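Here's a solo chain for you in structure tokens, the form predicted alone.
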């Protein structure tokens, strides 16, 4: 085929596809324009997840009447004057592609008025073409109304997710900019519901309260902004080790107040929390990173989500040091100690392997079972193709593990994991029979969610009602829990709901509300580690576990027990 120059209408749609991926991309570009225009109040409104409507209004400097049409030309910007400016960008926008890209794939209306003009301007575009312009009266600032996104690119429209998912992306976006610019007042309205409103006091803590609620904010440790001159300055808030999530979404970075995504920085944070939070869980962190503009390249990704540091190791170390030093000052870091033998005065012989010497430690790690010599057997989980053997309960270890004897040797049963399996199958059977027991709370329990969590919860209130929940919106991102499954009464109700929402956010397209609700309820209503059980209670638990369909694993997939065979015991005691 001969080489041809693409028609302008094709070229602009290709460019728009790189910049505008979904409704949140539209909101991002318009919010950044409002911030660069010096706006103090930014109001965002969406409908049908943003595919039908995204509206951004601000009280910024506005666009002069004679520059309104030029603003929609490709590569037209007021933020760069020369090539040198590209290497010391101080604004959020700089390429001059946003308005042209948005207009190319939507029906767009813009009204604006510069502060020194008496009359404003209205302009309408469809598919990038100007179809109407007129003067009108309005206060200084700008309003951009984007309707019917991707109306002329139906293939791209098919790739959008559900309205709830798209609205969640917008909510997370606005929350992040509200954290980056706590001195500005942000509001987000989804249809008729006000999802987010920040006060604009300038205090990051106040923005955290508005977005996450007081309960989360009170568990955050401040990292103060360094006063002395440093090449890289890091400040913000990090969560206490007790505050953790099932995904990395709440690890948020701002580089010179630009919201960015950086895997290396996320790794720096998680490494700083090593040994402080459970494996597979992630901390909450909101960090500002400030460095000279010439030390960071922001022109490496069409959507400006990624940046490149000229001294990446220095940034990595600065972030990790700031986080770790704050954690050590606010929270004592536990030291890892090798447990002594329970037999007083006993020492392993010189020829013993490390696994033999630390056997007592390894019994607590069913996922990391040691090899007890080159030709010796491993500790093992019971074969999952068999039912449980007859077990005789002997006692409890560390108020966490049930010690039992069976025909094949000794068994250690994790009481929480075992009861999780029992509760999961009980709840599943109740749900299938439509006999889920629920109880009304004496006083409704208020829970404060992030805007994204609130949007998700509101869309699935009916799903939760099938499991005994009655939850109603209470304004903004606050909900009232009026009724819960009966066995959840007296438990951490808010934590259970938050865990379910986090799992839904992180679950992707294969996520099942039914399955995850059962797992979450089973986890939060099961016997806990550290709970003392009587011999009768332990026997009852083992009997109930024997009746389950999958007694060897909990609903999360962890083993419920480990097995030390009779032959292995004889080898360890020198009887074989």
Partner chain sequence: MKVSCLQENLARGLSIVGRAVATRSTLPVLANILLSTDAGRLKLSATNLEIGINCWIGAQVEQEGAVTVPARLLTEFVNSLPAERIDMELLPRTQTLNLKCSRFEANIRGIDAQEFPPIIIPEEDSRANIPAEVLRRMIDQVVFAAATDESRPVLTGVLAEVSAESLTFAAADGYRLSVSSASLENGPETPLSLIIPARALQELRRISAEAEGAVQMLVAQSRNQVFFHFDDIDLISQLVEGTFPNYKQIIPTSYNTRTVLDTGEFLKAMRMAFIFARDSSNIVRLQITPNGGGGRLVISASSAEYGDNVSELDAVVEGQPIEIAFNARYLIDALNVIDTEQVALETRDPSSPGVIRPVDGTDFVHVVMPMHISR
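We call the rigid core whatever largest set of C-alpha positions still superposes within 1.5 Å between the two forms. Numbering follows the first chain given and starts at 1. If you're wondering where the values come from, they're calculated on a predicted model, not measured in any experiment.
The following text describes the form predicted together with the partner chain, which does not appear among the structures shown.
Position in contact with the partner chain when the complex is considered in the predicted bound form, options 319, 422, 488, 144, heavy atoms within 4.5 Å: Looking at the other structure, the residue within range turns out to be 488.
One residue of 492, 472, 130, 264 in contact with the partner chain, assessed in the predicted bound form (non-hydrogen atom, 4.5 angstroms): Contact with the partner chain in the predicted bound form is made by 492 alone.
Taking 4.5 angstroms as the heavy atom distance cut-off, pick the stretch from 241 to 249, 438 to 446, 144 to 152, 106 to 114 that is near the partner chain in the predicted bound form. Looking at the partner contacts, the answer comes out as 438 to 446.
Please check if residue 483 has a heavy atom lying within 4.5 Å of any heavy atom of the partner chain in the predicted bound form. Yes, contact at 4.5 Å.
Taking 4.5 angstroms as the cut-off for heavy atoms, does residue 158 touch the partner chain in the predicted bound form? No, residue 158 sits far enough from the partner chain in the predicted bound form that none of its heavy atoms falls within 4.5 Å.
Is residue 547 one of the residues lying within 4.5 Å of the partner chain in the predicted bound form, judged by heavy atom distances? Yes.
Hey, in the predicted bound form, does residue 433 get a heavy atom within 4.5 angstroms of the partner chain? Looking in the predicted bound form, residue contacts with the partner chain include residue 433, since a heavy atom lies within 4.5 Å.
Would the C-alpha of residue 38 be classed as shifted by 2 Å or more between this form and the one not shown after rigid-core alignment? Stays below the 2 Å threshold, so no.
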